[in-house]
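This document starts with one chain, in the form predicted on its own, laid out as structure tokens.
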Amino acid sequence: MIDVKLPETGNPKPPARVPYKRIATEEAFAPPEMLDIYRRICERGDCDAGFKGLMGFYMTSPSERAQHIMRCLIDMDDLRLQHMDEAGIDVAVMALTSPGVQVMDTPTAVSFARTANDFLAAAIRRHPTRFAGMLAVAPQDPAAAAREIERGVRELGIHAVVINSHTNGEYLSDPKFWDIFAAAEAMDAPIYLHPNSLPAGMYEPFAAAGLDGAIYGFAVETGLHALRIITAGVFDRFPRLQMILGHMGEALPYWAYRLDYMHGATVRSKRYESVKPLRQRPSDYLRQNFTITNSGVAWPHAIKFAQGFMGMDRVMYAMDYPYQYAPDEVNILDGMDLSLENKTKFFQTNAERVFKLR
């Protein structure tokens, strides 16, 4: 029987001293000005239900969890560093919290992506040994997003991109977005495909059962997005493009056998005009073009399966701060039955390579 080991509540043990750095690779932040924009969006009569149900809740709820999240998102100095120290996190790779600029109108999104990236770069300059980051872009204007990737890498020294899944219900599998992939491949900047609140067509059945968020809906929608990218032939067109998926790869590694079989069967059946032959199997693209993080899943059984499927070089540590801040999870993962070499890859050197931290 496999035991689901959950972290202890109360006062966790202090993190142990270890011979590797712990680099957390999916840690959220928000400039205060962005939350002001979000509030104005929520006040509109046509506000997206998924966005209002998620960020609208967190920005207005008096609950302890919501207050903790909003307080931690905007702090880029003492409180964040305190929490990192208490959990034994040496470096946080930060990304603009979902949905980032993707819920804004196009001109505002393009402008604020640049503002958010400058805000992040300033925080990195203040704490260069503790912080790293990912660039926000506005998929609403793919050409502008491509330019921002180029600026962010060349001028800000930030070597990765975050895109919060769909943008107004549209997916990056649509070739109109592929300027973004071209720029990311050219700049050798991996794209972290992060969850977003569910689009209109998916939201209600999940929300009615309280399953629209991180508990389940996020993984379903983001996994769908990643599969759309794979089956659209993106990696046949951009073979050097690298992407990152959190939350144990949004479960895709665990579905890989069936994905391969049923993709091949669907191609042969000619049931869908949109499903064309690929040069490789879906699982091959997962292993060659994706790295995954364990964000939100401090469960050694799942991590070790993913390492076996993806390879030791393609699984990284993440905490998912501040949405999941459980310092004792670090102790659980320090105790995994892995060699020191492989534990160092998981916590440190894979992230250093992927995000160019050295």
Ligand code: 1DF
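These figures come from a predicted structure and were not determined experimentally. Residue indices: 1-based, along the sequence shown.
The form predicted together with the named molecule exists for this protein as well; it is not shown, and the discussion that follows is about that form.
For the chain shown alone, T97 is a contact residue for the named molecule in the model of the complex, at least one non-hydrogen atom being within 4.5 angstroms.
Among residues of the shown chain, R65 is one whose heavy atoms approach the named molecule to within 4.5 Å in the model of the complex. Proximity of H194 to the named molecule in the model of the complex: non-hydrogen atoms within 4.5 Å are present.
Though the partner is left out of this view, M55 does reach within 4.5 Å of the named molecule in the model of the complex, counting heavy atoms only. Of the candidate stretches 329-337, 300-308, 55-63, 286-294, only 55-63 has residues with heavy atoms within 4.5 Å of the named molecule in the model of the complex.
The partner is absent here, but in the model of the complex a heavy atom of A214, alone among L81, V220, A214, A182, sits within 4.5 Å of the named molecule.
At a distance of at most 4.5 angstroms from the named molecule in the model of the complex, none of the three residues R314, E352 and F355 contributes a non-hydrogen atom. In this stretch, 138-166, not one residue has a heavy atom within 4.5 Å of the named molecule in the model of the complex; the partner itself is omitted from this view.
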